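The chain below stands alone, shown as structure tokens; this is the form predicted alone.
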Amino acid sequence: MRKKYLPIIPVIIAYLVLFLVGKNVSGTWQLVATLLFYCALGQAFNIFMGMTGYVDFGYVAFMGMGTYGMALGITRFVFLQEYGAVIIVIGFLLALLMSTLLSIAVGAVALRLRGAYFAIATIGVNEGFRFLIEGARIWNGSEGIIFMSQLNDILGRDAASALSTFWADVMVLVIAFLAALTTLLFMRSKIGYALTALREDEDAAKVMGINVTKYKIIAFITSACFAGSLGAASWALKTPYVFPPEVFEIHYTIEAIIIVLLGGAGTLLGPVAGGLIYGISKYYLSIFIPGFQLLIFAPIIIVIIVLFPQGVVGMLRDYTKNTVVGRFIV
């Protein structure tokens, strides 16, 4: 039974090494924090795209809702400041609740569509929701929410500073691990087998008696919950403000797609590999070739995806099949 969960070991090692490098090597924490964000983003997105084959271009909307959830939790419950960190917990609960409700609303409509129609519908949801917030002045509309002073009142200046510079990144690390663990649990359960069947051939899965809508909704909501948590930790707590054009910026969804495809869609270790390749490449290209990083990076991404259509981990999995190493790679 334990052998089923061996693939989580390389993920734990990768995240532990990242944390230790960032903590002990001077000047590397900011890079490590960026890499952790990309790994967590890939892990969360992979739960839906990797396991179903559906591409959700509106994924950043769930991250945005998580950011608003944390912001509203802090600003609306600041009167309970004597309870300190409990308000942060309330913020996370609101982030989960708001991202879940949005995913249910979107999934109820969009998941009835397939292929390009689903992708187009999700783009419309993301942009439409952003303009609704701005136009109707919901939650301060286009002015956003700035809550640094409330965070200082709740935790104190020093604790709030430590939260935004260190502990928020630790929370991202925990989210990345939990998303990976959830992916493995799905893979080793009835849910994973059903998702694999619908990814390979949805019509055949229906004929076999699989309730594909049910399992798509499970993956969709689970992935959205992790996105909401990630938005709450990596955006709201690190930069204590919410500005709609930033939190609903679609390029984060594009980055998630690239990370999953680079590492290997539907694999457990893929988002880690994809996040590291993407994050390190983007970071150093922006240093050595500022202004031209996207021009250089785009063809590199295309070449890697063309050469390794199954992703780096997908290729590695094929090469290590039926070996001792292969037990740790799925």
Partner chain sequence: MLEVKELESGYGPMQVLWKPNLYAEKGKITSLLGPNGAGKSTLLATVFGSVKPWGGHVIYQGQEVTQLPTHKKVNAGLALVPEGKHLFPNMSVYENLSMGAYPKKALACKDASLELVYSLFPRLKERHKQKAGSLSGGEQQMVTIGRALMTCPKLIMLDEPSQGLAPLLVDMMFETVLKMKEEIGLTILLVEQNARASIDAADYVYIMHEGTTKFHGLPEKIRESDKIREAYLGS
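Worth saying up front: this structure is predicted, and the values here are computed from it rather than measured. Numbering follows the first chain given and starts at 1.
Not pictured, yet referred to below: the form predicted together with its partner chain.
For its partner chain in the predicted bound form, the listed stretch (120 to 128, 94 to 102, 208 to 216, 241 to 249) containing residues with heavy atoms inside 4.5 Å is 208 to 216.
For the options A194, A168, I133, I258, the one in contact with its partner chain in the predicted bound form, meaning a heavy atom within 4.5 Å, is A194. Residue contact check for A116: none of its heavy atoms lie within 4.5 Å of its partner chain in the predicted bound form.
Its partner chain in the predicted bound form comes within 4.5 Å of no heavy atom belonging to R137. Under a 4.5 angstroms non-hydrogen atom cutoff, its partner chain in the predicted bound form has D203 among its neighbouring residues. In the predicted bound form, at least one heavy atom of K190 sits within 4.5 Å of a heavy atom of its partner chain.
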